[in-house]
Structures are given as C-alpha cells and as structure tokens.
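Read the single chain below, which is given as structure tokens and is the form predicted alone.
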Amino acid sequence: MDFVSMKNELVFGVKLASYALGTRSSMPILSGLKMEITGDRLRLYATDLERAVRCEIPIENKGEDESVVLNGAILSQIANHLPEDDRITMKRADDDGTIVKLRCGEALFDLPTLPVEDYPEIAPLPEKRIGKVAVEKFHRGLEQTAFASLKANETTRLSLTGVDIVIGGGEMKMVATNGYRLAMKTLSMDEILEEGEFLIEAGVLSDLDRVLSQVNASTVDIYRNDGQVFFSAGGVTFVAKTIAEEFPDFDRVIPTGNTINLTFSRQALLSSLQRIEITAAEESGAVTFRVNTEESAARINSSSKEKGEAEERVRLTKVPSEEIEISFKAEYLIDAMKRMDSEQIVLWLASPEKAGLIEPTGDGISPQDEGFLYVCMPVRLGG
C-alpha cells in the first residue's frame, strides 16, 4: 500500500464509513475499516453486520493493489483532527507490513492493521434495481415515522423496532408503531421497477439518513436481495439488514368512519399540551380532552397527586357535532405535532375507547406533511 489522496476526500469517506462501525461488537474485526485499493480508486468499507457502508474515492496509487483493515474509531478520530494540508499519504511500513504510516503535513501516525482475512464479506450491489426516490422525500418520511417505533432494548418484538417500507402503486409507504401509536407517511417515487415490502430497524435507517444528508445526490436508488436492502446515492452504498418478522397489519389499525372531528391550530394545541403535560401523572402521562356541542373549544386537563392540576381551553374551528371525553398520553401527541409544519390539524374521534387519528387539514397544509397520518390509542384512566 502506497497512495496519496486529497485530504477532504479521504476524511469524507472515513466519516461516512464510520456510521457502520461495529464499535460495541464482541467481534474485534467489526471495529475495523477496510481499505481496498484497485488502480486509482480506494474503496472504504465498514459494517456491524446489521448495516454496512461502502464508498469510493480517487487516489494516486504509487504501489500495488491490495487491502488493509485499520481500527475505524482511531482512523475517524485522526480524520477529525488532521492539520491544515491538502494531501494525505498512506503506505505500509517496510518491516512486516503490520503497520500503516499516515502522514498529513507534519503529523505522522503509525497505525496497526487488523487481519484482512477475518473481515466479513460485504455483498456487492445487486444488478436489479427496484426503484428510485427523492432523498428529500425519503428523509421526511423517516422523520415522520421512525420516532413511533421502539428501541431494540425496549422490546423483544423486533417488528416494533422497525420501519415497514411498502413499495407499490407508484408510491412508497413508510410505517412504524410501538403497539400504542402508529405513524404512516405515503410519498411518491420517481421510479418503481419492482413492488415489495421490507422491514428495517429504525436505528439503522437513522444512520442511513445521516449518510444521505452528506452525499451530494438528489435521489437514492434502492436494490434488494435476500435479507438485505441496498441504498445507493452519489457513489455511496448503504446496506441494511431486514428484520425477519411480520409487521402488524397497519391497515386494520387505522380507524375509519370517525364521526367527531376536532380541528385545531397545530401550534396552539402543541403549546397547550406541552404546558398541560407538566402536571400529568408519571405512570400514564395522560391528558384529557373534553368537548361539548355548546362551545367551539376543547378543555384539556391533567392532574396528579404529586404535581397538581392544570386545565386550558384550546379553540376549535367549529362547534363539535358530538360530546366526548377522551384521554391520551401527551407525549405521543406532542411527538407527532412537533414533526408537522401545517397550520391546522384535525383529531378524528369515534368514542373514548377507540383510537384517535391525526392528520393535517385546511388550506395551510404544508407540502412536507402531505401523506402523513398518525394513530394514537387512548389511555384508560381508573376511577
């Protein structure tokens, strides 16, 4: 190994690859970042077996084609603190080849290698592409769905840790749930060559989102093989392992035929809920909505022995058609409205025991909120 690269390109590649490093794995080799030289190109690989990143940068190759594996966390730290210089040189030391020398300006690092033969194989990009979607739309879809899932340490039901992605009918649906709430985003795709459905852990998709935010590309191509989905944009490929569990039937969860619609200013309701949540009981986090057919306002209150009680009237655009008293976990409603931009939202209700549905409404629906809906189960309060 003996090559020269532009500093900004190598630092960029190392930074992207670091999102897939297996720093907490019991397999030391997964902490490594693989560098593979072929001609005047350097490919960088990282994986923790749940996700993988592969990117490629141009270099001036002064030696033979070969591969080495270096400690990815160390290399990432070095990349963040290199001195002012335009170029980086890397070459094997002259002894037994177990040391790689990295030089940038007056800074010189001797880096030990890891056994390249132990590094796991990262599948190449499949030949058949299944579709293409705008990066901006995909980012918004993740932003409005992934938050509704559970973290891996919160459940043994892996399906509740993921985002279900359904491609078909000219669109992509992204859905996430923790069993008590569900967020769904429907967005158009630039191209669909094959319909399908795959479930990917929300944390893995968050890393994909970070990678895409740094790649200079307006669209991302999607490929699939057994147990993996590949996202390719701007010369960078992100590989995500799919969850081998069936996602809940979300179409059955979404309530239909709700007869009560409460239309609020989104910001007014959000601000009110953030205040009323302060005195909500720790165990339930519940706030209660009360409306009647005599005033165009909802009374929202919460109470607990330890914190006290709060109540606030929030205006509605019209007098409700029916009376209802229903409680929700405030955090769940706040989470949804914080991720919306529209001026107004509507809360559809049927009865105190049935789920509520939130979606943007009115003339001021933001394009960013199109295709978004949110389902929240009510909280049953004793006494």
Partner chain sequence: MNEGREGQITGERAIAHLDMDAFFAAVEQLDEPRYRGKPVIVGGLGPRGVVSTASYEARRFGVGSAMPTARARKLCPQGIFLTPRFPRYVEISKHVREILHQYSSVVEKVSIDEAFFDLTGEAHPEETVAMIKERVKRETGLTCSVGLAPNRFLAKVASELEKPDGLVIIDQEHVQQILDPLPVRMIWGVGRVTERRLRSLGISLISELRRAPLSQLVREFGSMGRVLHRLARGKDDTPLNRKSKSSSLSREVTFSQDVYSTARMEEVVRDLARSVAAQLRRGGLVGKTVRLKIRYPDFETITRQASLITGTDSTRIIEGMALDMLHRRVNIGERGVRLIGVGVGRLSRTSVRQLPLFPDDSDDTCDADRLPADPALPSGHTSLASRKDQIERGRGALYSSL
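Numbering follows the first chain given and starts at 1. What you see is a predicted model, and the numbers here were worked out from it, not measured in a lab.
Not on display, but discussed next: the form predicted in complex with the partner chain.
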Out of the stretches listed (216-224, 250-258, 136-144, 114-122), which one is close to the partner chain in the predicted complex, meaning heavy atoms within 4.5 Å? 250-258
If we define contact as a non-hydrogen atom of the residue within 4.5 angstroms of the partner, is T89 a contact of the partner chain in the predicted complex? no
Within a 4.5 Å heavy atom cut-off, is F109 in contact with the partner chain in the predicted complex? no
Indicate whether the partner chain has at least one heavy atom within 4.5 Å of a heavy atom of N80 in the predicted complex. no
Looking in the predicted complex, any heavy atom of E325 within 4.5 Å of the partner chain? yes
Residue within 4.5 Å of the partner chain in the predicted complex by heavy atom, from Q228, S271, S296, N178, is N178
Among the candidates R103, R290, R275, R129, the residue which, in the predicted complex, approaches the partner chain to within 4.5 Å (heavy atoms): R290
Is it true that E197, K241 and Q368 each have at least one non-hydrogen atom within 4.5 Å of the partner chain in the predicted complex? no
Residue by residue through 148-165, tell me which have a non-hydrogen atom within 4.5 angstroms of the partner chain in the predicted complex. L150, E154, T156, R157
